[in-house]
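First, one chain by itself in structure tokens, the form predicted alone.
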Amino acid sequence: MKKSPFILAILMIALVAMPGFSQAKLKVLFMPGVADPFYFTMEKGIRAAAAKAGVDLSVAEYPKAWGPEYQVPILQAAVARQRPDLLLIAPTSTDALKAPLKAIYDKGTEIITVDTFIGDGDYSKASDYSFPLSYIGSDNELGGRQMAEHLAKLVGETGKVFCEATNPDASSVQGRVKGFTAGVAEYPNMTLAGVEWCQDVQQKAQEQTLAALQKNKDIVGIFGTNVFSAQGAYQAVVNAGLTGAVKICSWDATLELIGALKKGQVDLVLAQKPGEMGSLAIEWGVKYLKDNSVQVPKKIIPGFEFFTRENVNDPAMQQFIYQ
């Protein structure tokens, strides 16, 4: 005897109400860019938000170095194993990650890029990289300009400054260098002595900075664009005996850089908000997966905080130190 649609509906309601019955959880995969304090802090924000949202979270193996050659094999293996509904990823190249991510998207996984993006990051326009739901991360070009302004004040708006950067194909660093270069150009008595790329190798950043100081003995300020470049840069200045004479503005509030600020070895530390980036990615991704009519903003930009010697011990600032 055939059951009527009404009876079937009643049976389904009763089944859902039975103890032990639960709907399948949404599956989320986080793919970080590299093993460093920034992404560890982002993971904490993701984990807290995922627990609150009741989703099944997996974290891919952290690449030991930056670059698509390290990230893509880990990503593809993790996706094949987890089959996530949502992928949160910090792409390690603006171009090389387009095709791998599009292949994942075409198989039914929604994607949010965090910290870095693919293409130019404008997912609102028709392009071969417009498929991610959103980019959630810093306005890096703005941050680069602000670092130029801070460094200009520290050096009296006069003299040569140097930029120790990391990876030229990372969208975040591209923006920081572009913003810093434009910012320095606004001061007629300041000159950019050069930009070097350490490829996320702290020792290389230290060596490049020392070489720049030897070549340009009149450098008065340095901008380190991320964890490894900033830490290598300030160590080079310390080793050269130039602490205080060469002002240092560093990007990323690691425990080491905050400690260096307290010792007077660094003059300013910019803190991004990786934990907030991670939690926002979970919140918006889950909203969309539960209701496809939700309009996810194509860009979500948490702000910055600036650590100085005056506020570094302020209790309200401690939440912005990477853990």
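Throughout, we count residues from 1 along the sequence that is shown. Computed from a predicted structure; not experimentally measured.
In what follows, reference is made to the form predicted together with ligand T6T, a form of this protein that is not presented.
Visitor: Looking at Asn226, Gln71, Thr209, Thr113, which has any heavy atom no more than 4.5 Å from ligand T6T in the predicted bound form?
Guide: Selected residue: Asn226.
Visitor: Among Arg145, Ser250 and Phe307, does every residue place a heavy atom within 4.5 Å of ligand T6T in the predicted bound form?
Guide: Judged in the predicted bound form, none of Arg145, Ser250 and Phe307 sits within 4.5 Å of ligand T6T.
Visitor: Please tell me whether any heavy atom belonging to Asp36 falls inside 4.5 Å of a heavy atom of ligand T6T, as the geometry stands in the predicted bound form.
Guide: Yes, Asp36 sits close enough to ligand T6T in the predicted bound form that at least one of its heavy atoms falls within 4.5 Å.
Visitor: Consider Ser279 of the chain shown here, and say whether it contacts ligand T6T in the predicted bound form, taking contact as heavy atoms within 4.5 Å.
Guide: So Ser279 does not count as contacting ligand T6T.
Visitor: Considering only heavy atoms, tell me if Phe30 and ligand T6T come within 4.5 Å of each other in the predicted bound form.
Guide: Phe30 lies outside the contact set for ligand T6T.
Visitor: Any of the heavy atoms of Thr41 lying within 4.5 Å of ligand T6T in the predicted bound form?
Guide: Taking the distances in the predicted bound form, the answer for Thr41 is no, it never comes within 4.5 Å of ligand T6T.
Visitor: Only one of these stretches, 113 to 121, 181 to 189, 153 to 161, 242 to 250, has heavy atoms within 4.5 Å of ligand T6T in the predicted bound form; which one is it?
Guide: Stretch 113 to 121 is the one.
Visitor: Pull the contact list for 158 to 194: residues with a heavy atom within 4.5 Å of ligand T6T in the predicted bound form, in sequence order.
Guide: Heavy-atom contacts within 4.5 Å come from Ser172, Arg176.
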